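Read the single chain below, which is given as structure tokens and is the form predicted alone.
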């Protein structure tokens, strides 16, 4: 049982930023990363469509005898995490949430932006997070349509990403203490975002998700002592897509 894979699921390639954090926290584990790039992005879809896609991917992964499922996608978590925990009560299921609490802890009473997909920002899970930890701060929800597609094309740090983000972020330049990257794709554009918002601290949920995964595995007695392994699979299984997976893993968080 301990040697079984930890499945890491995302709507595409963004969850590789979380996989990087998992490998840092649990390098000895075996990981099966599955990205649904053929259906990405989920963030602009109706909630029921994102939920159906997430549940279908989870069913396939759970059928392969995994020991944990990390939903490394804020959108999929918002759409389906409650359903997943109900359907798989005996499986460790770990989801994402925007890293608002660490930002608030560092900047109490501060001005904090949360950049995420439309679906994440409109769901009750995000509203609950604001009620729980956002009190006393000025929180600015920021949608960035089109950025997920650029990351999926390997262009997160490109001139095209800067052109896309400049008008979105210009109103916040010099006005935010922190920006929470509430989509796992967005860390792959952190360099561009940092240039457009100099002096603004960036936060993402990868480390917190990795910590929670380790805690759950340890409590269940399911930590594996190696050797570690990473397998990439994708609903778009082209050689170019899988090569991009490996490249992003090497640059995530860099």
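Numbering follows the first chain given and starts at 1. A quick note: this is a predicted structure, and the numbers were derived from the prediction, not measured.
Form predicted together with a small molecule: not shown, discussed below.
Chemist: When the contact criterion is heavy atoms within 4.5 Å, does residue 182 count as touching the small molecule in the predicted complex?
Modeler: Judged by the heavy-atom cut-off of 4.5 Å, residue 182 is in contact with the small molecule in the predicted complex.
Chemist: Evaluate residue 205 for contact with the small molecule in the predicted complex, applying a 4.5 angstroms cut-off between non-hydrogen atoms, and reply yes or no.
Modeler: Residue-level check for residue 205: no, no contact with the small molecule.
Chemist: Report yes if any heavy atom of residue 148 sits within 4.5 Å of a heavy atom of the small molecule in the predicted complex; otherwise report no.
Modeler: Residue 148: yes, in contact with the small molecule in the predicted complex.
Chemist: Please determine whether residue 41 contacts the small molecule in the predicted complex, using a 4.5 Å cut-off between heavy atoms.
Modeler: Heavy-atom contact with the small molecule at 4.5 Å: present for residue 41.
Chemist: Can you say which of 71-79, 158-166, 126-134, 106-114 gets within 4.5 Å of the small molecule in the predicted complex, counting heavy atoms only?
Modeler: One stretch meets the cut-off, namely 71-79.
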